[in-house]
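Read the single chain below, which is given as structure tokens and is the form predicted on its own.
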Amino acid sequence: MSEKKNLDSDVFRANVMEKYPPKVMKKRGKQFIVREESPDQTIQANVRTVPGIITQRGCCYAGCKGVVLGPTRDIINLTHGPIGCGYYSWLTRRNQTRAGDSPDGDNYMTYCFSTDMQDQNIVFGGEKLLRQAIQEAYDTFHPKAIAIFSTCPVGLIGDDIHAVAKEMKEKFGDCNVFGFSCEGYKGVSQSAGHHIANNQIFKHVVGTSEEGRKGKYKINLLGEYNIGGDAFVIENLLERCGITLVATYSGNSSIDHFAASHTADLNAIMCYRSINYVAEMMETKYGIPWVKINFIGAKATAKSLRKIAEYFEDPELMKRVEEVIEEEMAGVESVIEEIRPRTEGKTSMMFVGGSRAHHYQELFRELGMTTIAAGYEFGHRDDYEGRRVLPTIKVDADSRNIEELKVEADPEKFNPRKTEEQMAALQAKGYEFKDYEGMLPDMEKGSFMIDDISHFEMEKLIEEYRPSIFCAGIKEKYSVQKMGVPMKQLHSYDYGGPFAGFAGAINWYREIDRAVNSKVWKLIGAPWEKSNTLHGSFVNK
């Protein structure tokens, strides 16, 4: 792990915990665990951050507008609130898109739409201002849809964005207007915003069009947000395999894709935490099964393509998938052969959102690197321990803040894609539907799993274990670098990427090689840390 002899994992954990006041220590102790021999462990997650602790987390609004809806190019995403909220969430994740099939396709992602609420709107109400903003957006752009996002002041003063949305939708006739009650203070973290986004898209958009893409093997890709062009790489792979992508939630996406996504035959989930809600609802209402896949890592990509092909049970598709994998793996293996000798045995730490701290361990393993600490910003227990723990999770007050939709089979559009016998036959072969084992089983014994890591805990981990590289978000980036450790920003990839698929894996290998083997990190440090300091004393004469 480092040149010095590191403390035993349990001793280190105890030393960190004892710095907290007793009540804080009791809570943080449940969120900071050491991987034991058996993976049958419990971690506390999806609970509010202790006040005063510097957290990585974002708010409910950020999860709804910034993560799930932000990458959709032809929906005007209108923030109802002060300008700071809209500006902060505007293109901060480097979501990329292609404006439809023609050069004139709509793309509003480069704009920042906000009602820019002022003090007088807070005092007297902002619904009039919201109507004006919606009308102005419609008159200027004539979009297919306008989405409204509530910020904290809106929830506090009681503006009814849903009534305004309904009124304006009826007025326009040809523009879908709908709202998200995603005030920043709702829920525990941005995870609440993901759930709210899933609910409203499902209620107002999914199933409203039958004009989906045609093809023999039709899937939706859920939880892929096209950071740095990831979705482009995945789309290319699927196309080469002959698989038709009906909709991506929501990288490189459009509202028409969402509207017709119920015509797909399989939902493939990348980021389980942010999008599992809509997958569950689509299965109940339309009969579309879902599976967990992962396109981060060359081996994981190959496994995911095979899993999708196996679902359709077509030898022609399976053969084509194997051909594509063979074509791509040759290049991947040659790069690994070149780089792995320089990365073998090095260590990583990852504290990122709802899947990346797990998925990116695949890429590090392919380089011979070990992940010695990992955790999520907004994960739930099933993200760590797997879906097997769902029946044991208690619904708390924060979870009750989020609407639970009552979904039933659609009397006209419900269409089971496979019979019970076909599903059972696949499962008998080891095929897993609606399952996710979580991150915990993939962690090594003695490694750390830390939910909602604090800045203090992060610094102590780095001081003691000196990882070869640290992966987190923009808030942690410069603190880590100042400690002389290379830092990879996995929320927006800094200026890198794509990292998905086979081509993305090669990009990753080269970037990590440059980062962990650069000599510049040894040059960081204050002068007084590198040389003896002069000492003196006052002498009375």
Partner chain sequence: MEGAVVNPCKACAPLGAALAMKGISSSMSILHGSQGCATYIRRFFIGHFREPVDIASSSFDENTAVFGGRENLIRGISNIVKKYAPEVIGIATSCLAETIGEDIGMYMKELAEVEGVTFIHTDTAAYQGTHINGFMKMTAAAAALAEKHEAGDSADSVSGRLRLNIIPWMVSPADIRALKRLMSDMNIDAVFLPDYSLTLDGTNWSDYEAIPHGGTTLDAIRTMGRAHHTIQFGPVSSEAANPAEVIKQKTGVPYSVLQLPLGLKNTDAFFTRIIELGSNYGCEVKLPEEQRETRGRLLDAYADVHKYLAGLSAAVYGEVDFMSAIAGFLCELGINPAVCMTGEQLNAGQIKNIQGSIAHYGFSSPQILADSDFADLDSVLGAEIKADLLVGNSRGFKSSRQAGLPLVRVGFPVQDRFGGQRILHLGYDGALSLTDRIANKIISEKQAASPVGYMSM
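C-alpha atoms forming the largest set that superposes within 1.5 Å between two forms make up the rigid core. Positions refer to the first chain, counted from 1. In this text the structure is predicted, and so the values were computed from the model without any measurement.
There is also a form predicted together with its partner chain; it is not shown, and the following applies to it.
K.L.:
With its partner chain left out here, work out from 404-412, 368-376, 266-274, 129-137 which stretch has heavy atoms within 4.5 Å of it in the model of the complex.
P.N.:
One stretch meets the cut-off, namely 129-137.
K.L.:
Is Gly504 close enough to touch its partner chain in the model of the complex, meaning at least one heavy atom pair within 4.5 Å?
P.N.:
Output for Gly504 is no: heavy atoms all beyond 4.5 Å of its partner chain.
K.L.:
Would Pro143 count as touching its partner chain in the model of the complex under a 4.5 Å heavy atom rule?
P.N.:
Heavy-atom contact with its partner chain at 4.5 Å: absent for Pro143.
K.L.:
Residue-level question: is Arg57 within 4.5 Å of its partner chain in the model of the complex, judged on heavy atoms?
P.N.:
Answer yes; at least one heavy atom of Arg57 falls within 4.5 Å of its partner chain in the model of the complex.
K.L.:
Heavy atoms within 4.5 Å of its partner chain in the model of the complex: does Gln361 have any?
P.N.:
Heavy-atom contact with its partner chain at 4.5 Å: absent for Gln361.
K.L.:
Identify which of Pro82, Gly212, Gly242, Gly287 has a heavy atom within 4.5 Å of its partner chain in the model of the complex; exactly one of them does.
P.N.:
The residue in contact is Pro82.
K.L.:
Just to confirm, with a 4.5 Å cut-off on non-hydrogen atoms, which of Phe172, Tyr431, Phe124, Tyr87 contacts its partner chain in the model of the complex?
P.N.:
By the 4.5 Å criterion, the partner-contacting residue is Tyr87.
K.L.:
May I ask whether Phe258, Thr343 and Tyr493 all come within 4.5 angstroms of its partner chain in the model of the complex, judged by heavy atoms?
P.N.:
The answer is no: none of the three residues contacts the partner (heavy atom, 4.5 Å cut-off).
K.L.:
Suppose contact means any heavy atom within 4.5 Å; which members of 141-179 contact its partner chain in the model of the complex?
P.N.:
If the 4.5 Å heavy-atom criterion is applied to its partner chain in the model of the complex, 141-179 yields Cys152, Pro153, Leu156, Ile157.
K.L.:
Once everything's superposed on the core, is Lys522 shifted 2 Å or more at the Cα between the shown form and the other one?
P.N.:
Lys522: C-alpha displaced by 2 Å or more between the shown form and the other one.
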